[in-house]
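Two versions of one and the same chain are coming, encoded as structure tokens; call them structure 1 and structure 2.
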Structure 1
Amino acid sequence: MSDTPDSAVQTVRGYIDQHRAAFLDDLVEWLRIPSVSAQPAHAPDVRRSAEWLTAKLRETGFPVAEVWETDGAPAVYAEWPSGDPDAPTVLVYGHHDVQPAAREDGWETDPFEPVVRGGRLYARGAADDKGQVFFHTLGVRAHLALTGRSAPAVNLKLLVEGEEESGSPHFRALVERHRDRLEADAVVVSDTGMWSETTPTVCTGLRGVADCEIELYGPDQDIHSGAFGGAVPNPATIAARLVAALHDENERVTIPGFYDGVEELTDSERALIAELPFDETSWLANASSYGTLGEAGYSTLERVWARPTAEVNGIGGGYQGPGGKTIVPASAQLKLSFRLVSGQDPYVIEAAVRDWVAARVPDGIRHKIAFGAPTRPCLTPLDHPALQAVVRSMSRAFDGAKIRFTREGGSGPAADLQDVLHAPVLFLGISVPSDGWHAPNEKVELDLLLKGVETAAHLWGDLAGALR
């Protein structure tokens, strides 16, 4: 089936308009399921959500749709072969679990009774992430209507996990266990967003993270600071010294080897970031903060998207009650996290942190350091053919608008897919900051949700050529 660009857009939009009401009815039904993975009482709901999606994917046309078990909450896997032996394979990632929500948290309506108001759909999961997963069901059908095909132009796979909002504790093991079935030439992550309603953007990367807890032990019990203070090491003082030594006067991390391998921003990448309509005052208001501070020589967006960081997440030790208590405390604690960028290995950073702490803890202080499960950074080069396919498809959906580029400062399981499958990770998200992820009154802009549908409809054909 041959279409000019304009007629292709109109074909897709006509199909979407025809099926919009049924699509939204289905999404509302899914959003009513309170699939809160962090709360054990909702475990049956998380399973019900997985089973609901599995049935709906079969109804959509996926010949294979399965619930995949983990040691925690179930995931959903689906695949739809192209029928073309030379077609590339694309894996779409998202999650069907949601954050906790209750009316008393500040919701204007029941968070699990979706409401459409002013062109917006309000419900927990509307944007994060059920809405952005579900637009692929209508998107693939619109793709078939556009192309006249009976199957997608790519071998299309979906993996929708059930524990992302609980830190994806079993996701890596799931991916490794099913590596052969998940094999793909590219991964599309629909769990991100755009800069704003009027500035469509494509995310190109996430930072990784390594985090640790440090326990410092001095005396076997709290002791009198008059009788012993100044003559034995104080673990709270050592904790403070560690924190003070973590950064230099330019806010650079002082741990030896911390910046080894970091991929520096190119001049063109910095220019693209500078193009974005960034308002520092609004950004600070969103951060509930009163001033910026970070590594010298970088803008605020560069710091949170493309530079590694070290943060003190918690510090404690000694007496915290009312009034004074003159002691040398028996112990102190630190919680640190390190956001990592492309080129850094979290296990190398872990070893460097352990060595750095050991070198600064004096005799008389015993210490323990425990790291959580790390997440690797991921980054897709701007000139990657698959990324350019996403850009072209989104531009068609947004009436030829220029698509700009962002990164995200946070971390996610997309890096596990890149690491295990050795495939580039692409981000296709249409959510905007006002959608209020994790907050009361989470919503999705319905016009943008349908732009996601449009983008997906164009994407599979474009990727079929770009990845050959």
Structure 2
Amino acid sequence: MSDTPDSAVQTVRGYIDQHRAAFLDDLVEWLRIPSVSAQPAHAPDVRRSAEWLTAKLRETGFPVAEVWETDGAPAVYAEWPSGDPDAPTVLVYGHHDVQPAAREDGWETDPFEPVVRGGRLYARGAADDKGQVFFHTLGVRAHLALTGRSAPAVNLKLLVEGEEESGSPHFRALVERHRDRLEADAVVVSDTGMWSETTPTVCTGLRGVADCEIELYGPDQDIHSGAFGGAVPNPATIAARLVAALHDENERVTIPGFYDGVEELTDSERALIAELPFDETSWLANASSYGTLGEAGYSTLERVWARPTAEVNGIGGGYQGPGGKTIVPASAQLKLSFRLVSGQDPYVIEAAVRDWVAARVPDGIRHKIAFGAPTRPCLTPLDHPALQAVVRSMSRAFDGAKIRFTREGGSGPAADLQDVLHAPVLFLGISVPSDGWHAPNEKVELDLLLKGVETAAHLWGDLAGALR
């Protein structure tokens, strides 16, 4: 099936076998750094993570490897020129920060003390995204071993940000500031996943996300629900009413204008999605869930890949301790996020949400609403030659398997790179749904991690041709 001689595959595999132990040792060292960008207490760890990666990229051979400051957490930039004046330029994107994680959330082992069990490496960030950034280090070395070159076949650039798990608030500014140095003919994003261990796929799109925190204030302090209850507005009730009003009986978002401009799935896109070996039982198992619920008229995959959502990520108000406390609470809080699809503008959504909330908060309740920096949705044309190069390289790594197409329901700042750099975005990810992104016991499959290395080893030569 593959158009590459078996010898190339064997050369790459041989090289990887020789270096995999050291590669994994290094990755484990990086995963030990709790680079949680959402928690201010971990800011020094995020910096330490950036410095660790910079040193490691220099050691890998990148002649340029720098910590790039932002108004928030630092990013890492590295560059390895091809030396060939006609070589196209490829920018690899990933992130070195991770989601919050604490043992008591349900981790079987310390989230920042990586362990290998049953061919899996368990740690916060193992799949999202340190593992997937890190396969590029051994990948480019294997590419050199394969081609006999002393520099990559493309001008290879790496941008590894430190605030992705906080919504990348300073990423767009960073990209705009360094627009010239980041210039690229294509962006390769390694922060996505595949269908499964046995169905390798390439992702073609991400949803965007806009998120907000809403504070609702009622009484100045918690008050007696007997003495006052039934006669004053309860901010927890109002918070709940906001959440309940987000969706209609068809689970469609009710905020006026929310669906304006949404790029609807074509019949052929729906058919491609329907061809995937989707099994609801195993999908639910990966989701650790016991039922499906979503927008009427769409399949589960369509719902998570191609439909926008409104989700409550957190709600709190009143007494949450043991026993009861008969109060009308002083305040309540909501954390909402809106997944967005191609055609939606996060700033238009933000304005619509603000208006909608303001119109629904009754007299006697004061409110504040604050949005984080949004992430735009992103969609790559299926017929782009560079996408076909990714498919070919991946097929080599996966023993000639047919590579299918997916999207991801998650979000990344890929769209900012697309916007600012005017470059097509490709996705190269080897994570699988069971990896447990953002969840306790996050892991990466070691076999797949090495398939990522292998794909990267083939990709730079193939892309050099496709982009020329």
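Definition used throughout: the rigid core is the maximal C-alpha set that superposes within 1.5 Å between two forms. All residue numbers here follow the sequence of structure 1, with the first residue given the number 1. Remember, it's a predicted structure, so these values are computed and weren't measured experimentally.
Both panels show the same chain in isolation, but it is structure 2 that comes from the form predicted together with a further copy of the same chain. The Cα shift for P44 between structures 1 and 2, taken after rigid core superposition, is smaller than 2 angstroms. Comparing the forms between structures 1 and 2, the C-alpha position of Q221 differs by 2 angstroms or more, with the core used for superposition.
Positional change of L334 between structures 1 and 2 reaches 2 Å or more at the C-alpha, relative to the superposed core. In this core superposition, V253 moves its Cα by 7.6 Å between structures 1 and 2. Relative to the superposed core, A244 has its Cα moved 10.7 Å between structures 1 and 2.
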